[in-house]
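Only one chain is given next, in structure tokens, and it is the form predicted alone.
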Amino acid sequence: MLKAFSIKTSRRVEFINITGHLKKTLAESRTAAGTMTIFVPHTTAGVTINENADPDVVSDMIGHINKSVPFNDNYAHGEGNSAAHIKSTLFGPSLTIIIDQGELLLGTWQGVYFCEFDGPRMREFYVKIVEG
């Protein structure tokens, strides 16, 4: 099963919780065991798993990544979004999550986030479920 999602981001750097989309897709698939892969086909966005109980964690991550990879740092790339490319590479374009007994094997506090680094934009991500 392959499903495409469109997502509208509203800030230059933003983490959007997509866990609900993934759980709904898994329920629709009726897959009891296997893997789910989430793929972001953009060079200035990514995906990550982290805590979803306290919104301060996301705020702290955004603050730290923006400090670690500043927007303006004498980059050579003429388009002006080198920081977004670097952030995307650090986070990565895909994740794989194990499915067991019809559930994603996420930890109690874990959620899946679409990571925007060059917004706001219309974006896409894909979800592929493989039974097994």
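Heads up: residue numbers just count along the shown sequence, starting at 1. Remember, it's a predicted structure, so these values are computed and weren't measured experimentally.
Not pictured, yet referred to below: the form predicted together with a further copy of the same chain.
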query	finding
a further copy of the same chain in the predicted complex reached by all of Ala33, Thr37 and Ile98, non-hydrogen atom within 4.5 Å	yes
Touches a further copy of the same chain in the predicted complex: Ser82 (any heavy atom, 4.5 Å)	yes
Distance check, Lys8 to a further copy of the same chain in the predicted complex, heavy atom within 4.5 Å	no
4.5 Å heavy atom contact, Leu26 to a further copy of the same chain in the predicted complex	no
4.5 Å heavy atom contact, Pro41 to a further copy of the same chain in the predicted complex	yes
Residues within stretch 94-130 having a non-hydrogen atom within 4.5 Å of a further copy of the same chain in the predicted complex	Ser94, Leu95, Thr96, Ile97, Ile98, Ile99, Asp100, Leu105, Leu106, Gly107, Trp109, Gln110, Tyr126, Lys128, Val130
